[in-house]
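Presented below, as structure tokens, is a lone chain in the form predicted on its own.
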Amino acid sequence: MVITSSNNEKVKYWGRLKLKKYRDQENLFLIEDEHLLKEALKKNLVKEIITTNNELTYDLPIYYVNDKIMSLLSSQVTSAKIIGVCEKIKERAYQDRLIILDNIQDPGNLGTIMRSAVAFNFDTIVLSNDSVDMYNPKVIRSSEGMLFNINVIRTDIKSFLNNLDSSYLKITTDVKGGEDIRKINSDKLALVIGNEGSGVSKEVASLCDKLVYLKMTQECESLNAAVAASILMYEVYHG
């Protein structure tokens, strides 16, 4: 049977998951397109599947809908052909390489940082409580599925830094000074990246052990948060 009515209770339920407060309430979120579905399936997070393809078969509950319903549920300009309803990813214990994000707001930046963290062996992102929702559809898309391969902890980062074991070297950026990131050598590292407009707050920066910088030309004063984070993680990975 194909669901065609926007008044269908399941359709209303799925639609509410586009809003953060309902995602938090239900502990569920939506993913779109097959490549993201494959990543979620690897982690056994998919609860049910919504699709316009009535020939699709999965060992999960499948709901067939028409293009109109898919357009209502999709967050993309060109509607997805398949949507997964997923359980939120459980936080786990962090290891030796952390990237800590202070009030990151742009969903594309967070998704890009997720991809780079996986690429350069940072096992955990610590996300401040005032940062963008990691289940924002733009975060999920820009992560290219790496959302499912990185540990994310949302918490008060000042408390987190205060309680972080002293074996971790806590560093953040300063464009006017600090130590060249290529000279940093520590088995355990916590790299703090700040807000796109205002950078790392003074309170958070004061909890770090060292300031670092990326060497660049005088013509460029600063880099996009995701670009800077990616280069810093690259330098640490290859250091």
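This is a predicted model, so every value here is computed, not measured. Residue numbers run from 1 along the displayed sequence.
Not on display, but discussed next: the form predicted together with a further copy of the same chain.
Chemist: Since the chain is shown here on its own, which stretch among 160 to 168, 80 to 88, 107 to 115, 94 to 102 would lie within 4.5 Å of a further copy of the same chain in the predicted complex, judged by heavy atoms?
Modeler: Of the stretches listed, the one contacting the partner is 107 to 115.
Chemist: Just give me the single entry in Met146, Leu73, Val132, Val152 that has a non-hydrogen atom within 4.5 angstroms of a further copy of the same chain in the predicted complex.
Modeler: Result of the distance check: Met146.
Chemist: Can you tell me if Glu9 lies within 4.5 angstroms of a further copy of the same chain in the predicted complex, counting non-hydrogen atoms only?
Modeler: Glu9: no contact with a further copy of the same chain in the predicted complex.
Chemist: Is Leu19 a contact residue for a further copy of the same chain in the predicted complex, using a 4.5 Å heavy atom cut-off?
Modeler: Heavy-atom contact with a further copy of the same chain at 4.5 Å: absent for Leu19.
Chemist: Arg182: heavy atom within 4.5 Å of a further copy of the same chain in the predicted complex?
Modeler: Yes, Arg182 sits close enough to a further copy of the same chain in the predicted complex that at least one of its heavy atoms falls within 4.5 Å.
Chemist: Is Ala40 close to a further copy of the same chain in the predicted complex, meaning a heavy atom pair under 4.5 Å apart or at it?
Modeler: Output for Ala40 is no: heavy atoms all beyond 4.5 Å of a further copy of the same chain.
Chemist: Even though a further copy of the same chain is not shown here, does it sit in the predicted complex so that Glu48, Ile62 and Asn66 each have a heavy atom within 4.5 Å?
Modeler: None of them does, since no heavy atom lies within 4.5 Å of the partner.
Chemist: Hey, which residues along 203 to 221 are within 4.5 angstroms of a further copy of the same chain in the predicted complex, non-hydrogen atoms only?
Modeler: Counting only heavy atoms within 4.5 Å of a further copy of the same chain in the predicted complex, the contacting residues of 203 to 221 are Leu214, Lys215, Met216, Thr217, Glu219, Cys220.
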